[in-house]
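Have a look below at one chain only, the form predicted alone, in structure tokens format.
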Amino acid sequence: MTRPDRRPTRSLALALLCVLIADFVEARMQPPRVHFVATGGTISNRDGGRLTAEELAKSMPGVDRYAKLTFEQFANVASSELTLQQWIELSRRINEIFAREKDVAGVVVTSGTDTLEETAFFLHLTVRDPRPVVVVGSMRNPSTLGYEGAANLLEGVRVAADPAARNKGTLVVLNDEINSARNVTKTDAVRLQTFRSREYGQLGVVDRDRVVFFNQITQRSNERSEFDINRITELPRVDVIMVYQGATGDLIKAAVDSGARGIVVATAGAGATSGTQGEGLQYAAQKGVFVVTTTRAGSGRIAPPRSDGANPNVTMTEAMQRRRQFAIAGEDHIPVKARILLMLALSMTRDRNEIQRIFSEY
């Protein structure tokens, strides 16, 4: 009896296995998908009309090496023209992208640099996903010699595509440097190397060969954030008041009377006010308005006050007790970021201890 020849069957199985292996290898070699959301800013502000998200996407040579790029136009305005309602909508949109599109490795957002640190910090607090949000911009517009926008955008895409960028919150990428949205601030009105994290230092760099991270932040963000943007329909009004020699308290009173639910005071040094500002702050406390103390110095931590029983030799008047009930220490947050955190905190609670906890944990 002649045995059937099984070689064709084995050959077919081997060929099928080779095809499967090839498909697997090709899939593994495909670059990750990065979604790009354009909001406008100097990076798009070309003479004669703003560049669109599509035009910006096409401006990056070699982007296909790093990511499969998709894009959308959220807005196309100067960063200072974005409204608080648009902040809410932008955060919701990014959260929606992450929830519905599991293949997206990260999101890149373009912004004008004037208020970039504020937009980035808001996203840092409200996007609840481990995948990175990377905010980029440029100091020169597309019609200017030395325009760096395309390079910054490409570097932002590279960071968003890198697995090491996960669980770091929102990142700000300009001029080869990676900074945390929590710590970064604009330090020069016109120079390219303007975004700095001061004494905290940058998180990493984008070099020719790869993205390199050196540092990590420990404060809450991403999935650890308690701020659910889907439950927030409107941000409460919070104003920032600066301390200067001979300042009067009437600006504080005016802010309170105009509907402010919170006030951030950019104090001199580690908490000093001036002129009649003390009267204004007392008025705010009488009206139940929370006051966050920060410093105008640019860096430095404002610690929470000692407990009432810490110094038995100090007798607190009723007015002092009332003022303390609505006093929040801003920790190391600069005034404009303390404002954002207070707005989000007030959207959840009016408990002073809870608000102070939020400032300590974020």
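Just so it is clear, the structure is predicted and the values come from calculations on it, not from any experiment. Residue numbers here begin at 1 and follow the sequence given.
The same protein has a further form, the form predicted together with ligand GLU, not shown here; the description that follows concerns it.
K.L.:
Is ligand GLU in the predicted bound form close enough to Gly41, Asn45 and Ser79 that every residue in that trio has a heavy atom within 4.5 angstroms of it?
P.N.:
Yes: Gly41, Asn45 and Ser79 each sit within 4.5 Å of ligand GLU in the predicted bound form.
K.L.:
Looking at Thr113, Ser225, Asn95, Thr267, which is the one with a non-hydrogen atom within 4.5 Å of ligand GLU in the predicted bound form?
P.N.:
Selected option: Thr113.
K.L.:
So which of Arg50, Arg323, His35, His333 reaches within 4.5 angstroms of ligand GLU in the predicted bound form, heavy atom to heavy atom?
P.N.:
Exactly one listed residue reaches within 4.5 Å, namely Arg50.
K.L.:
Tell me which of 105-113, 174-182, 267-275, 242-250 has residues with heavy atoms within 4.5 angstroms of ligand GLU in the predicted bound form?
P.N.:
Of the stretches listed, the one contacting the partner is 105-113.
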